[in-house]
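Shown below, as structure tokens, is a lone chain in the form predicted alone; questions about how it binds or moves come after it.
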Amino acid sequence: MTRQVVFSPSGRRGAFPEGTTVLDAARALGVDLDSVCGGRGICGRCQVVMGSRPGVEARPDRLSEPGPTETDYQGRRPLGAGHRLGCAARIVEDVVIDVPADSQVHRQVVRKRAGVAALPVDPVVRLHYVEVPEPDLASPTGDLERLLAALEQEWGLSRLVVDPPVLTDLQTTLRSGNWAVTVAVRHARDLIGIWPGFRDVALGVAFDVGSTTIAGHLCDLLTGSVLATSGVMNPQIGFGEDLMSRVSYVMMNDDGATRLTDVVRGALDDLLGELITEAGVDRGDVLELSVVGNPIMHHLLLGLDPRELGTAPFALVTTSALDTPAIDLGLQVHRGARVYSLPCIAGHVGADAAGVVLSEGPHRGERLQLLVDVGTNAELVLGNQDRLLAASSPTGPAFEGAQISSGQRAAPGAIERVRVDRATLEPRFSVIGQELWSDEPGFDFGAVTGVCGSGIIEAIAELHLAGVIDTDGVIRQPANPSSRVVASDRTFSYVLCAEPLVEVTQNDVRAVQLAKAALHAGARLLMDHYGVDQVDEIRLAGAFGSHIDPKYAMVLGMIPDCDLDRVSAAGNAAGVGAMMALLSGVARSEIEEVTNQIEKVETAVEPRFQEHFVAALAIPHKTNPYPLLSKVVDMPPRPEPGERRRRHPR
């Protein structure tokens, strides 16, 4: 006698003989229902609940009574209230089965901590529990052949390529597991690991290798959950503050590339150790890794020569995504683990930009989106579902506090937020590591050590709004002199903090102007190529982009004029993209296809780049009055053409 079964949310349905397990029915219909143990009631990943539809109410007796497999179940994933094990529950009447998101192989996991609404979970590494027939004298078949035959019979896995280390451990593992083992299979093709008995621990790490900092995220490959997140400074800074200085180091030293490669690989392994310790797991649990980084970081990490990236035409060794054995990069994880590096886009638009595109998805919608990954070399992507363009701009390290008189990195003691009273010109500021503002009782001025990138941006923008810094970026003594504005040689400086002394000097303003003009010019160049004068949305990515206030970025003219409600921080979008690639094979296919379609614009050879750069040196811009910004921010009056202004104290 057959019974009708309907699965939700997929809507798939079919007729099955009474007594068929829910898991078998799901497999026959291609329903997305997870299982590691192969239906033996061990893993608990095939949990389902009763559903209903008109004429088929959710009665428990539509499935068989729970038997010992369910009543005695003690797996790592608890059996929820009203949940049944799909491998044990049998169909006895027409029934509607709901498959919860947690029981689906391909699912979306809400991940607020990662800075993105949801991450797709469809890992390239899967665990499979299998029972292997014991050898006997009548059958001389090898242990490997019997294992492969069992995997094909139970899981439909055929023509597997076996990693050599698996062969080394095979016989010992089979016998210690009493002929029951769990194997790890990558891309349904490569058998990379084997353990005795049942196992359901498979971890991965996503790395974002920046020129200044390296971030790592330890994830559960089976659930998509983030188990630990941490970061370290990139030790390559000791060989050069910016990317081109590191390339120069490689050019001038025979062992330069080797030394830079060794230190960044060592930093990744140290960071991996921190993540493992924080989560309380083992290095051998890590079966897959992903990595993003700008082209020079990408090349140095993978042991590729970066020297061609130092001169035009800035040729990469490869723009393709790569799979590299983790052991080849000196990472102490499972010996079968691989490192997936996302594809690069162009000579100075790397895998980190590809990660931002994957995370933000401009190609998935109609809005014309500008993505800006702010760093020493800003990477920009403009477009929507119709077309994508990418470029890079040499902004330099000013946004990270370098080249600033009291500048420092974003660390405890750095001024990160600034407000200036329009009437008195008195400042108030906040410091990393303190909750109080400087004008609140209890604020510790002794803890102030300098000003970081977001702090100098806000300080200059606030001083412009207060009339202390004019459109050309010149610090002026206002009509009502302030003790905060002090003469310094032939220029003025603004005293942000008196003790310890933190000033905004004329040279500081110039350094920020040069950086923001390069960023704006790159964005404007992409808009020229796209044929638009305005974008619908701007997303600021990267560590700096996530901390800067969009209003002040626009007041300075770092980015084009846009509705402020549609300018926002994307957080560590490159890192989120790396996590998406770590957790989903579909995401990898998506970004590999998309990067092949992105049009590259090389700012170094574009005649209009210099024109846009010069115009963008003004605050916010020489010719663009920023009408959208002016609707919500009281901008200083713009000087009339030809109007003379006093630039220096007399």
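Note that residue numbering follows the sequence shown and begins at 1. Everything quoted here is computed from the prediction, not taken from an experiment.
Another form exists, predicted in complex with a further copy of the same chain; not displayed. Remarks below refer to it.
When a further copy of the same chain is considered in the predicted bound form, residue 340 lies well away from it, no heavy atom lying within 4.5 Å. Taking the partner from the other structure, a further copy of the same chain in the predicted bound form has no heavy atom within 4.5 Å of any heavy atom of residue 330. By the criterion of a heavy atom within 4.5 Å, residue 98 is excluded from the residues contacting a further copy of the same chain in the predicted bound form.
Among residues of the shown chain, residue 314 is one whose heavy atoms approach a further copy of the same chain to within 4.5 Å in the predicted bound form. Heavy atoms within 4.5 Å of a further copy of the same chain in the predicted bound form map, among the stretches 495-503, 430-438, 344-352, 407-415, onto 344-352 alone. This chain is drawn without a further copy of the same chain; in the predicted bound form, the residue among 106, 364, 76, 175 with a heavy atom within 4.5 Å of it is 175. This chain lacks the partner; the member of 167, 532, 149, 232 within 4.5 angstroms of a further copy of the same chain in the predicted bound form by a non-hydrogen atom is 167. With contact defined as any non-hydrogen atom lying within 4.5 angstroms of a further copy of the same chain in the predicted bound form, 600 is the only contacting residue in 571-600.
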